[in-house]
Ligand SMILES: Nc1ncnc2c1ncn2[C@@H]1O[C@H](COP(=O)(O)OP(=O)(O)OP(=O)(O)O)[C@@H](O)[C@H]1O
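The chain below stands alone and is given as structure tokens, in the form predicted on its own.
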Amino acid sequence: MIISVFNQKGGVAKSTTVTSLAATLTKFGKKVLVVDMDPQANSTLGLGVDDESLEEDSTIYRLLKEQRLHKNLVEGIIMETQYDNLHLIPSDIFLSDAEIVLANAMNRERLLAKVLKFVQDDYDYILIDCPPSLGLLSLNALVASDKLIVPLTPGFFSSKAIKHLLTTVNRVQDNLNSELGIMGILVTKYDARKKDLNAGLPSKILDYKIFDTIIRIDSQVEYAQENMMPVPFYNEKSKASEDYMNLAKEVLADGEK
């Protein structure tokens, strides 16, 4: 299953969700590939890879602009991480050029889908970290995906962003990927002192599935990031690790439907 984690609003724990969910899925014996489609490379860093140390043409950008793709080329870009069954197609800042360089490419919305078709049967789950924008890179991720997880923090600005996000998803479903489904809205950075969760959520999402799991604010996430580790491997007893373990159970249950 290919899952994009997407919200065009930054600061919603998108990359943290990708790396943490990937880590917890491996704890259930699943083989997982993380695809970093964000030029900020936070998922790359979060899995222990320094994006500034990557060799030229060793990232997802090389694959997106390659006109003669083949399985060996894609496999050559995939990196093993220090964690069993957790692999990575990394990103770096040069991916920011893709919006311009690939704008005139043939079938430009399906470039990532073409890449992943070579390896998707090798993994139980492929998780895509999307950039915080509604541009070509995010569009490629949505076209390549089976499901979408939308991380969302309660609050006013989230309600403004979600309208544009849902409109984009609907357009992708109508024109480019009719099989794309929203697995669920994931509430992140939740302050447990606030008793009424729905009061902080935009009304437009209440018609969509909201995960039972809520990701609570946890300082251990920041410490894990500083150590370039997913929080479930940095501190498996933390609140965030517990929450992402519960999220993994929901994702696995969805896959069994």
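Numbering starts at 1 and follows the sequence shown. Predicted, not measured: the structure shown is a model, and the values here were computed from it.
This protein has a second form, the form predicted together with the named molecule, left out of what is shown; the following refers to that one.
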Open item on the list: in the model of the complex, does each of 9, 12 and 217 have a heavy atom within 4.5 Å of the named molecule?
Closed with: yes
Open item on the list: I'd like to check something about residue 62: if you look in the model of the complex, is any of its heavy atoms closer than or equal to 4.5 Å to a heavy atom of the named molecule?
Closed with: no
Open item on the list: Is residue 56 part of the interface with the named molecule in the model of the complex - any heavy atom within 4.5 Å?
Closed with: no
Task: Contact of residue 189 with the named molecule in the model of the complex (heavy atom, 4.5 Å) - done: yes
Task: Distance check, residue 132 to the named molecule in the model of the complex, heavy atom within 4.5 Å - done: yes
Task: Answer option from 221, 47, 33, 37, heavy atom within 4.5 Å of the named molecule in the model of the complex - done: 221
Open item on the list: If contact means a heavy atom within 4.5 Å, which one of 62-70, 24-32, 221-229, 47-55 is the stretch that engages the named molecule in the model of the complex?
Closed with: 221-229
